[in-house]
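In structure tokens, the next block holds one chain alone, the form predicted alone.
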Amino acid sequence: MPLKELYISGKNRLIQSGIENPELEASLLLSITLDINITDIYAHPEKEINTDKVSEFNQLLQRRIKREPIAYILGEKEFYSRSFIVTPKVLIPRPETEILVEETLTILKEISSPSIIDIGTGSGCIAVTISCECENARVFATDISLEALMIAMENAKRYDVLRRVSFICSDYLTSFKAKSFDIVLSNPPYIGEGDLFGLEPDVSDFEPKLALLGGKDGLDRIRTIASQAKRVLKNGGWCILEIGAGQSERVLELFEESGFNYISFAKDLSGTKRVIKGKWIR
């Protein structure tokens, strides 16, 4: 089958299935099947594709039509202009989480040799990005999932920061010494249990529940981190968390109850309060 015909066939199948970006995704799936650049699809549309590769492409298409996330099919996802390895064992990095990184990097400009902990690191996209962007930072990355930590370590190796990031199988902050960190940060699970099946099937059916669900109201992890962070933060340290839409008022109360000062929010492109930060002063 000619390359152009295979591309059009795949694109049309994705359109019929309601996939949001059928042209791009058909191109990406073809590029990984044939090990070519996307531009080659348009530069050499007459190229004949053998039957085995046509079958392989159709298998990938079928996975996507069943709503398996394109990032899991490709095995990677871009975050902060870097490509990160992802598998169904970790949450797929989102653009919103880049706001968390940006807020952290802004604060790090004022701290020499900072010590940072990323709770629930998943793919390691936050910890690795901060280590790449701030070479004098000492970063600790925790996760309760050993599988996730292995992926995070591979991503650290990819960007040559493995020696600057310590990966620890741990939950929350109880195993860390008091006044150890300048910044505690996390993109914690914040989906309420009753809200899971209102999400797109790409998320609810494929991404790890451990990285999505934050208890009945979605705030269990946030509540625990806000409570425990003050013990491990140095005087003047910051707690920075990503939060869900509609959670800002309640999370503000949690930060205030925990004794944080100078609390503020950063909004995403839709105007939603997506990241909260508070300073610990004692």
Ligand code: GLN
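Residue numbers run from 1 along the displayed sequence. Quick caveat: nothing in here was measured; it's all calculated off a predicted structure.
The same protein also exists as the form predicted in complex with ligand GLN; that form is not shown, yet it is the one meant from here on.
- The stretch in contact with ligand GLN in the predicted bound form, judged by heavy atoms within 4.5 Å, is 92-100, chosen from 92-100, 198-206, 69-77, 105-113.
- Of the residues Ala211, Leu173, Val161, Ala137, just one reaches ligand GLN in the predicted bound form with a heavy atom at 4.5 Å or closer; this is Ala211.
- Comment: ligand GLN is not present in this chain, but in the predicted bound form one of Ala152, Val165, Ile183, Ile126 has a heavy atom within 4.5 Å of it, namely Ile126.
- Although the partner is absent from this view, Thr121 contacts ligand GLN in the predicted bound form, with a non-hydrogen atom inside 4.5 angstroms.
- Using a 4.5 angstroms threshold between heavy atoms, Ser131 stays clear of ligand GLN in the predicted bound form.
- Although the partner is absent here, Pro189 is a contact residue: one of its heavy atoms lies within 4.5 angstroms of ligand GLN in the predicted bound form.
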